[in-house]
Structure formats: C-alpha cells, structure tokens
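Below, in structure tokens: the form predicted alone, a single chain.
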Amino acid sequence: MRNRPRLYVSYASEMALLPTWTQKIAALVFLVILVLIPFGVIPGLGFLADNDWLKILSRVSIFAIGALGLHILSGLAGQVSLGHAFFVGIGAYTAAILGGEVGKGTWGLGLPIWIWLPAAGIVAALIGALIAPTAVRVRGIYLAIVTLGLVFVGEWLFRSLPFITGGAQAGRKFPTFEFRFWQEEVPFLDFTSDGPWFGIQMTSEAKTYILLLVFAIITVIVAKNIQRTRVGRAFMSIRDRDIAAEVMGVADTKHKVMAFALSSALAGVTGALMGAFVGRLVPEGFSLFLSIQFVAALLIGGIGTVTGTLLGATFVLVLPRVVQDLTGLLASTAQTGTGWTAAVANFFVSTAEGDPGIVSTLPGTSPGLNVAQFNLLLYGLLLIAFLIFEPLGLYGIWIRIRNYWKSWPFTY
C-alpha cells in the first residue's frame, strides 16, 4: 500500500521475489546498468567497458554462481563446507571430457555447450549426493574437516589422471563459448571472436560478459526462489536448530543431502564456465585457497542472503585489481611526488632496494610483500574484522545505512 511498503495483506505478496516497488525499480535500474556496461555509455563507469575490466566482471559472474551454491549449503542449510573447490574441479573436468577436443594423451568428445555445461552440474551433483550421507553424520568443525579432506583428495586425484586433466603444471584446453546444434564446423552463435552480434559491433570480451551475466542472473533467480520454497524453509529450519526441525517433521538427512547436491551442481557449473572462460586450467588451481575464496565471499558479503553473497563475490574478485592499481599509483607517487604524499606512499610501497615499504613493487624476492601476498593478508584481516565487528558483512553495512536514512531525521 502507498506509504506503507512493509504492510502485506497476503502471504503471496510477502513472499514475492521483489515485494516492494522500490526493490522492483532498483533491481531494474541495476540490471540495465549491468547490460549497458560493455558499451561504455554510463557516465562515470566508462572504464568498465575496457577489456581488462570486462574480464574481471565476467569472472565475478562465474564466481557468483559458485558462491550462490555455497550460500545454499552454508547460508541456508547451515552446513559448513571447505570442499567447494573439489566440486568446482569435478565440473570443470566433466566439461573438458565432454566438450574438449581430443588432444595428445587427453580425452575429449567435442560435444556442444548445451550438453557439457548441464552435465558438469549433474555429475558434480551426483558425486555430492553420494558423499553427503557420510558427511552429514558429523556437524560443525568436524564437517568442515571432512569437506576439507575432499580438497586434498581432489588435488591428488586431478594430478594423477593426466588423460583427463592434462597433468600437473601442464593442464589442458577446455571447450569454448560456442553454440552448435551438434558438431558442425561453424557455430551458429560464437562468443570467442570480435564482430557484429545482433547488428551491434562487439568484442569477444563483451559478448562473453553478456553470456556469463545471463547465467549469473538465472542462478540468482533460482537461488532466491529456492529460499522461498518449502525446501528452502526446511533448509533454514535445519540451520537454525536441526534437532527441533526434525522433531517438527523435517527430514534432516534428506534435506542435507539435497543441499549438498544443489550446492555441488552450481559448483560444477562454475568449474565448467571457469574452464571455458580461461581456456586452460591446471589441477593445482582447484586448491584450498579457492575454497577459502568462496567462504570469504559469504562471510564478507553477508552469509545467509543472496544480496550479501553477490556483494561478497564482487568484493573478493575486484579487490586484487583495486590493490594492484592502488599499489601502482602509490609507487608512482613515491618516485615522483613530494611532501607528505610521497612520505605516505613510501611507507606503504617499496620501490628500491632497502626501502622498508609494506608492499614491494620490485621484481623477484624482496623484504616486503608482493601484491599477491598482500591480497592474502587482506583476506585474512577482512575475515577477522567482519566476523568480530559486522557478522552480517557488507549486507549488514547496507542495512545500517538504509535504516539510517529511512528514519532520518529521527535517527536516534
């Protein structure tokens, strides 16, 4: 009703995907901005149309799909998992076998994307469902340790199957984003080359960004709708108090297995998209650090919410680029600047031998941290800070800002 956006007169209106007109308009505006980014027509955001930034945003879309999978398992069902990278690898190599070409010592069937992409999710979901009954026998930190073991098993397995993965430190080529009806020579829709697309001249990076954005939007809608269904409510009841949920009639083991399967399916799709986007992946890429990145996205963004998961995924993927650009700016200021700006820059960056800066811009080994090491340090510090000071993450910060302005000027 007008001026009373939180007054719901029916259960259907309260459980709507976007229950208020403000949310509907904001979602539409945000979607239009995302679609227009590759064309460089948005004031102040034209730099995002550069190919480098389009690649980063494409990675954000891929990463968001996997993070939403972990959101279903950990955010909704409350099951702690550190084994997400294992299922990402399963999906990636399923896509490599079904969609990749036969190489020297590697398997490949050369099937089209409409086969290898869903198959990556299905195979990962089946393996997740097989592992889940054993994993859900424990809870809390013990469940985290069990799923952590999957990562190490996966690393050994991927290195030991060179006919599938290409072998350690070598990797293999993955199928590309080309749509074919079967195995014809020329695809009817190609995202890997520059050229006109529906009458609009676009680069391959822009085409790929649009494709991955569509996949991410579909995943967001699916994840949001799961949260509104009976299954989603069962997940949340198990998360809040599994014993009470089981007493009330919720099938505990059944729904935990479903959560594992859904999470694994989205992780598998993420791996397939990641392989197709990068082109070549090595088995070492599906490591514990990848799992930690997914966990960091949930904790930094706000666990238990779709919006928070998207914020966290964006933050985790964009942070390294921001740190890299900021380090370059500080290095330039330290070398050419004067006064207090140069002093501050010299404190943070090291540009010469013997310079005691925190981050080193020198090639090779040096006393300071390089940019990659500094990113790892930031992940750790941010996880600690958010868990202590803002458990709801970036979404919690947004809620505070929104509530402040909703009650302004009576903000006490």
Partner chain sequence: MMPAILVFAEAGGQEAIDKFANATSSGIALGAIYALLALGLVLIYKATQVLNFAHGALAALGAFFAAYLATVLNFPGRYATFLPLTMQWLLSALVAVLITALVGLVLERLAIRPMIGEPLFSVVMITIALDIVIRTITDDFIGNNPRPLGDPWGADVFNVGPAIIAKSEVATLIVTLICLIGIALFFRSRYGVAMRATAFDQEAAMAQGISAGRIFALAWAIGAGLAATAGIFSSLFPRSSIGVSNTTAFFAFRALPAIVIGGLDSITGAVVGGFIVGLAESYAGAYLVGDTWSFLGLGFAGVMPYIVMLVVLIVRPYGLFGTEEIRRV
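These numbers come from a predicted model, not from an experiment. Numbering follows the first chain given and starts at 1. The term rigid core refers to the maximal set of C-alpha atoms that superpose within 1.5 Å between the two forms.
Below: the form predicted in complex with the partner chain, not depicted.
Q: Pick from 376, 28, 343, 35: which residue has any heavy atom within 4.5 angstroms of the partner chain in the model of the complex?
A: It is 376 that has a heavy atom within 4.5 Å of the partner.
Q: Among 130, 153, 115, 214, which has at least one heavy atom within 4.5 Å of the partner chain in the model of the complex?
A: After the contact test, the surviving option is 153.
Q: Looking at 305 to 313, 222 to 230, 260 to 268, 130 to 138, which lies within 4.5 angstroms of the partner chain in the model of the complex, counting heavy atoms?
A: Only one stretch qualifies here: 130 to 138.
Q: Does any part of residue 160 reach within 4.5 Å of the partner chain in the model of the complex? Heavy atoms only, please.
A: Yes, contact at 4.5 Å.
Q: May I ask you to state whether residue 73 is within 4.5 Å of the partner chain in the model of the complex, using heavy atom distances?
A: Heavy-atom contact with the partner chain at 4.5 Å: absent for residue 73.
Q: Would you check, heavy atoms only and a 4.5 Å threshold, whether residue 391 touches the partner chain in the model of the complex?
A: Although the partner chain is absent here, residue 391 would touch it in the model of the complex, with heavy atoms inside 4.5 Å.
Q: Check residue 42 for me: does it contact the partner chain in the model of the complex (non-hydrogen atoms, 4.5 angstroms)?
A: It does not: once the partner chain is placed as it appears in the model of the complex, residue 42 has no heavy atom within 4.5 Å of it.
Q: Who in 378 to 395 is close to the partner chain in the model of the complex, meaning a heavy atom within 4.5 Å?
A: Residues within 4.5 Å: 379, 380, 381, 383, 384, 387, 388, 391.
Q: So that I can tell if residue 374 moves, could you say whether its C-alpha shifts by at least 2 Å between the shown form and the other one after the core superposition?
A: Yes; that C-alpha moves by at least 2 Å between the shown form and the other one.
Q: Relative to what we see here, could you say if residue 323 and residue 381 have their Cα atoms closer or farther apart in the model of the complex, with a change of 3 Å or more?
A: Their C-alpha distance shrinks by at least 3 Å in the model of the complex.
Q: Could you tell me whether residue 388 and residue 323 have their C-alpha atoms closer or farther apart in the model of the complex than in the shown form, knowing the shift is 3 angstroms or more?
A: Closer together, which means the C-alphas of residue 388 and residue 323 are at least 3 Å nearer in the model of the complex.
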